[in-house]
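Shown here is one chain on its own, the form predicted on its own, set out as structure tokens.
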């Protein structure tokens, strides 16, 4: 079988079906088998696993997933790709099923229950850059039975997910990811590994989900509202950020008092606080 990781085979399929790259779906097809091997290795996929793939495209990564996993469910929004996957590039595999839906609107809990008896699955995807964060946040926030999420994303987004306090990449996404998962960048991927070639570098990042969040907080929603407020206006102090947030309603005095109890100056910015400190601030303001 000719793998789609071979650029010649990809071009053949694109020509055969007159595929036009859909900018609105952020389509960039992977044409590097070494990167595919790294994704499979990073996700630690075995025959015992069910894998959910988001955005299979013409099936480049899906072929590798089908050979390594017990079962692969792929969610593809572009209906023009469905017959190509079913009748051509993946027709040899009987452990594969495609769902033609928008993953953001899909009831994933129900899907995992029906397809894998509610047991933990693994997620693998070459994510469209324009919608990476909403997809990752859906997978994390819905507290689904997921062992790990191994995704190809824009390099700077991967760096943001992994960043710690004080760095320029650190922000609301870093804190959200760290609350739900342990992030590890498994590989950097240059633009020439894709067709068409994107303008930016990519990275493969694995998020291994925590069984319990690393911090205890009384009100998760409040903590994330504080995090958003403190990064919405990065250059402002944390106190001003909270004060200017339409989501929050705390007096300057109460914020000042909470910061004092935490031995933090009133001039502190959100980017200086760790996840533990945001949890503590949230608990103090809650009480």
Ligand code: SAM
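Fair warning: this is a prediction, and the values are worked out from it, not measured in the lab. Positions refer to the first chain, counted from 1.
Keep in mind that the form predicted together with the named molecule is not shown, yet the notes after this line are about it.
Engineer: Residue-level contact is defined here as any heavy atom of the residue lying within 4.5 Å of the named molecule in the model of the complex; does residue 114 satisfy this criterion?
Structural biologist: No, residue 114 is distant from the partner.
Engineer: Could you confirm whether residue 64 comes within 4.5 Å of the named molecule in the model of the complex, counting heavy atoms only?
Structural biologist: Taking the distances in the model of the complex, the answer for residue 64 is no, it never comes within 4.5 Å of the named molecule.
Engineer: Although the partner isn't part of this model, could you tell me whether residue 128 comes within 4.5 Å of the named molecule in the model of the complex, counting any heavy atom of the residue?
Structural biologist: Yes, residue 128 is a contact residue.
Engineer: Is there a heavy atom of residue 146 no more than 4.5 Å from a heavy atom of the named molecule in the model of the complex?
Structural biologist: Residue 146 lies outside the contact set for the named molecule.
Engineer: Counting heavy atoms only and using a 4.5 Å cut-off, do 29, 57 and 102 all touch the named molecule in the model of the complex?
Structural biologist: The answer is yes; 29, 57 and 102 each reach the named molecule.
Engineer: Where, among 215 to 223, 48 to 56, 252 to 260, 229 to 237, do residues come within 4.5 Å of the named molecule in the model of the complex by heavy atom distance?
Structural biologist: Checking each option against the 4.5 Å cut-off leaves 48 to 56.
Engineer: Taking 4.5 Å between heavy atoms as the contact cutoff, choose which of 177, 98, 186, 77 touches the named molecule in the model of the complex.
Structural biologist: Checking each option against the named molecule in the model of the complex, the one that comes within 4.5 Å is 77.
Engineer: Go through 205, 81, 72, 90 and name the one with a heavy atom inside 4.5 Å of the named molecule in the model of the complex.
Structural biologist: Of the candidates 205, 81, 72, 90, 81 is the one lying within 4.5 Å of the named molecule in the model of the complex.
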